[in-house]
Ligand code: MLT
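One chain comes next, on its own, written as structure tokens: the form predicted on its own.
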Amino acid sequence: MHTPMTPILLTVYPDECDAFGHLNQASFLSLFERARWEMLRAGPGMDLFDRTATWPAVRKTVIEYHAAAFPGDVLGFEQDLTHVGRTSFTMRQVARRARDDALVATAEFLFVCVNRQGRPVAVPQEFNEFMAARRRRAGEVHRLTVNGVSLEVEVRGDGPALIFIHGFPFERSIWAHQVAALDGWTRIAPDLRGMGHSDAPDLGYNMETYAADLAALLDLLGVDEVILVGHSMGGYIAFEFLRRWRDRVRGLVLVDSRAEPDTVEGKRNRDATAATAREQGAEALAETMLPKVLGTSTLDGEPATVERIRAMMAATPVSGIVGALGAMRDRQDSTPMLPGLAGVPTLVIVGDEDELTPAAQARAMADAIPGASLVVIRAAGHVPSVERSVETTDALLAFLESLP
């Protein structure tokens, strides 16, 4: 599912090669730099940094060489931002041989923006917006660094933005049908920290950290306003995002989630599950959770879906499992904030066979949110986006089309 950005094509010349005919290291640095300038020339212009009285000074370079390049080879250079701070940014560049798409070299450059006096200044907004627009047009899977962790993120399309927040212990592919089908929207689907292909630091996790990751990710993608689509734990994260950045939320979709905190017994169960994961691994967790997260209709009649969900849960890093369980155990009660969500268009979706967050609980939550609507997906359990993907996409699309 990798659709690369349009590469910058550069030819290797004999004077750039060493005595053995290989493109030498110093020339490789020049080609990486030339590719960056060519990218700017085709976009906002090579004078972008001059116009903003800013200069990107290289602070750190890491290059890995994978294959040799020779005179006459045409190399395609792809470049993307992997991190943007206030005064610095990191750019990842990839060089591939055009004739066979062989990977030749990868590089990461850390830049610090300085003024003419050499003092750090803010990264030009025009540059960040240009890079974000390129990324959205490319519709590819990225490795982006936020808050010290590298997240794998799929970005597709143009238009108003949706961010799909998966639940526990899943990853972004539970939204595959929705991400593929909703043309006319910018669809952003990250693997949360600790899950999928994102980093899984063995540290304490909490809802505030998950929400801050998403806010930083949206900043990196140049997205100011977003519709939050949260499944299960993703709904808990959406509530935390609303607490902190409500002015950035255009709409809210809660899928098989709830507002109440864990009970005392629920907290004990979280700790017991974490102990199981530590002692027996993610596979044991998957076997225990499988009959709880899927509806009877799926368990009895959809063996491929059952295996897909089982494998997904079994592949979750143990550190991510333990971190997420602690974050869910300690999350705030979001029930008091429900009446105050007036003005935030809200859709609640629930599977009619969901035993973890039953339809009656979803209905009560929708009733407590002014103007919210409820859609019950038939023959689905806790993961309707997978179990009944078409029906879930249709419900989401109808909601999106109703927005101003």
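Note that residue numbering begins at 1 and tracks the sequence as displayed. Quantities reported herein were computed from a predicted structural model and do not represent experimental measurements.
What comes next is about the form predicted in complex with D-malate (MLT), which is not displayed.
- In short, of 175-183, 142-150, 118-126, 225-233 it is 225-233 that has heavy atoms within 4.5 Å of D-malate (MLT) in the predicted bound form.
- Within this chain, V249 is remote from the site of D-malate (MLT) in the predicted bound form, having no heavy atom within 4.5 Å.
- In the predicted bound form, D-malate (MLT) lies within 4.5 Å of some heavy atom of F170.
- The shortest heavy atom separation between L356 and D-malate (MLT) in the predicted bound form is within 4.5 Å.
- D-malate (MLT) in the predicted bound form is not approached by V104, whose heavy atoms all lie more than 4.5 angstroms from it.
- Proximity to D-malate (MLT) in the predicted bound form, defined as a heavy atom within 4.5 Å, singles out one entry of R96, R134, H83, R270, which is R270.
- Shown without its partner, this chain lists R92, R258, R310, R156 as candidates; in the predicted bound form, only R258 has a non-hydrogen atom within 4.5 angstroms of D-malate (MLT).
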